[in-house]
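A single chain, nothing else alongside it, follows as structure tokens in the form predicted alone.
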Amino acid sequence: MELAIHTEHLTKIYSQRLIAVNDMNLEVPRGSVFGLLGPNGAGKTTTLRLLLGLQRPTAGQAQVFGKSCGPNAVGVRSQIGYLPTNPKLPGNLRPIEYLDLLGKLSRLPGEVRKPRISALLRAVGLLGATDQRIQTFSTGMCTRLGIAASLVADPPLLLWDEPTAGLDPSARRFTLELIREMGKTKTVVVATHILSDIDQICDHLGVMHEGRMIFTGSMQDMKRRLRRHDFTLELEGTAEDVRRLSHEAANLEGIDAHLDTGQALLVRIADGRSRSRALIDVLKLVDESNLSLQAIHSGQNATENAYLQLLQEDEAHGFHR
């Protein structure tokens, strides 16, 4: 497997007090959309800064496309497009002026730079705002321009830090769709604490907690970590009939059933119990009741459950970490 990013024992300690990144071993496959997931303060932004060479590691090393990262690794930075959280842009410039400046700094010739800037402004939906100064832009517009800025040099690796932070639903949807599109031709690393973003766009992910990488793998690997299978039945009928069904289902072998929200029945299946057979047994009870089945949801919130399980396990390890 060809890697875009590889770190070994990467560590960053601030002022001998704060451990921001703790002995991180990370592999990001080339061509993947990789989600760097974790609560605020988990060390995601510091990790990106170490990859960019904006900060020196206290210990360990990081490589991008096989080359070592660091403050003097100009060749590595030329391979990366970076989008910081809520990018701070020069407010006195207009979008074309700003992107043209970046293109010149990247040593792009005019015949390449000019058409690329036009294409990028169209791609991020800012063609109608080219005459505005950046200081008049909304948060969403600044994020779109920051995305365009990260793409000016056409880098093979994108590091985007909380790209949907502060966006309205329309801008958020646009950004997620753009990440999917970028993932067809580039390696994209998206650092976020928003689980639903990861679930929609990523094929691989790493979970950070208190500076440590506590899980890396595919989305399917993460969901397989759940120790139980479950499904939810949406039912129509009286509350009393739903309660009666819940008690009857809970008495079935290898099944734990209880009421969820409203008229929903959550059914959990023990390890070793056939999932399909358990569902048949429960549906037979529904058929014999006065209830009608409205919908069945399988593995609801699987990603959320797996994520929370990872954090809980890491908390429980304590001194065994």
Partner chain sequence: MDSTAKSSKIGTRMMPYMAIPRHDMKTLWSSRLVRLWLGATALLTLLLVGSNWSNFMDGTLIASLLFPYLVFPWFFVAVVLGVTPVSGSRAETLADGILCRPVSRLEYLLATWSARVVLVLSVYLVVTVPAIVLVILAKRPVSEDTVTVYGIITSLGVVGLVLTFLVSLGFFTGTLLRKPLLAVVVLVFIWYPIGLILSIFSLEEFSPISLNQAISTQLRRSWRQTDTEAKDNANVKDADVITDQVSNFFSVLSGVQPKQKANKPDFFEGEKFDDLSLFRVTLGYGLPTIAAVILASLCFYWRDL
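Worth saying up front: this structure is predicted, and the values here are computed from it rather than measured. Numbering follows the first chain given and starts at 1.
The protein also exists as the form predicted together with the partner chain; that form is not presented, and the subsequent description refers to it.
- Taking 179, 108, 198, 121 one by one, only a single residue has any non-hydrogen atom within 4.5 Å of the partner chain in the predicted complex, and it is 108.
- Only one of 54, 252, 270, 283 comes within 4.5 Å of the partner chain in the predicted complex through a heavy atom, and that residue is 54.
- Of the heavy atoms in residue 215, none are within 4.5 Å of the partner chain in the predicted complex.
- Within this chain, residue 135 is remote from the site of the partner chain in the predicted complex, having no heavy atom within 4.5 Å.
- Residue contact with the partner chain in the predicted complex: residue 236 places no heavy atom within 4.5 Å of it.
- Among heavy atoms of residue 88, some come within 4.5 Å of the partner chain in the predicted complex.
- Note that among 45-53, 25-33, 285-293, 270-278, the stretch whose heavy atoms approach the partner chain to within 4.5 Å in the predicted complex is 45-53.
- Taking a 4.5 Å heavy atom cutoff to the partner chain in the predicted complex, the contacting residues in 88-103 are 88, 89, 90, 92, 93, 97, 98, 101, 102.
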